[in-house]
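Okay, here we've got a single chain as structure tokens, the form predicted on its own, with questions on binding and movement later.
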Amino acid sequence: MIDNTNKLCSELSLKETAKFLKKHDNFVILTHSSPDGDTLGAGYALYYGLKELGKIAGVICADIIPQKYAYFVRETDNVDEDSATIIAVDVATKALLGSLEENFGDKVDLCIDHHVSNSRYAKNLYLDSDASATCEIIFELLEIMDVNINDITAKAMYTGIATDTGCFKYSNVTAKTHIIASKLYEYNIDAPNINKIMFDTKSRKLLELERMVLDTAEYHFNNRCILLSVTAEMQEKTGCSGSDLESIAVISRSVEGVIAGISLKQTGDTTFKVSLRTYPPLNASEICKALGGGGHNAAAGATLEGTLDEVKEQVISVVRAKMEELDAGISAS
């Protein structure tokens, strides 16, 4: 279970976070492993913003950054890590740092995040769980810090917001989400091209992987739950791995009648990443907390150890309990 009671973590306001950033000069910005559009968008937008203020900053990730983000990813500064202020963006738990956890897990000076399940591992935290994406927060930070936002910074933030909202389709979208997006449209972001890259482009190898996954799909609880598995063998056969696998979770939430979409992705000999997508009244964050992970109400994740069958049973058993609670409530009413 995630411990959200770290009394050593100071929770900051947005103004206090801006003041903290202005106070320091050298930064290492950490993004989470298996990077997505929000962690990268937030990391690089913050980098460009800090550079506008004359700061020195570097963005690092445990994993290779996918080529599809090349339109806003640039080489950043080499920073002396021993004397730098360490910031984590969109990183709910230090385990999500991947191989960076060993060096940085207990050294994070500030975490900027929007996950309600944040484990409060950093010395300071700015958390807005109502934000659709961490990039929403970064936009507000740059505004309050009077940073001159340029086109590449705007592209990074738009990418994070668009990807974490499923191109503005998910339930985490608010009026503020659209207001910020409309402000980003004032820059030369070429939103149609970003959306094409992020949502409408698939490689032939990914299509082959999706076919393999769908061939082994399992349905549970009167077809209200679908379970999709991506094994190491599938990844080896197709050459798909890492961020290529993001589309599998999207498939799991798109099947008619399904309110719990589970995707299991093998990341080691006995290690699996669980991605869960739910529709009300199921809560993905509550389910994944029971598995040692966390996330949002409609999208959450965890990492489990065991064989594929063992991991399936772990996840299904927790979902089963929630389904039974749901059915009992319906019967009682």
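All of these numbers come straight from a predicted model, not from anything done at the bench. Note that the rigid core is defined as the largest set of C-alphas that superpose within 1.5 Å between two forms. The first residue of the shown sequence is 1; numbering continues from there.
This next part talks about the form predicted in complex with another copy of the chain, which is not shown.
Though the partner is left out of this view, K107 does not reach within 4.5 Å of another copy of the chain in the model of the complex, counting heavy atoms only.
Using a 4.5 angstroms threshold between heavy atoms, V116 stays clear of another copy of the chain in the model of the complex.
Put simply, Y71 is far from another copy of the chain in the model of the complex: not one heavy atom of it is within 4.5 Å.
In the model of the complex, another copy of the chain lies farther than 4.5 Å from every heavy atom of D130. Screening 186-194, 232-240, 120-128, 147-155 for residues having heavy atoms within 4.5 Å of another copy of the chain in the model of the complex returns a single hit, 186-194. Only one of L97, A181, A249, A84 comes within 4.5 Å of another copy of the chain in the model of the complex through a heavy atom, and that residue is A181. A heavy atom within 4.5 Å of another copy of the chain in the model of the complex is found for one listed residue only; from D200, D80, E102, E75, this is D200. Along 157-179, these residues reach a heavy atom to within 4.5 Å of another copy of the chain in the model of the complex: Y158, C167, F168, K169, Y170, S171, V173, T174, A175, H178, I179. Annotation: Cα of G98 displaced by less than 2 Å between this form and the one not shown, core superposition. In a rigid-core overlay of the protein, S252 has its C-alpha displaced by at least 2 Å between this form and the one not shown.
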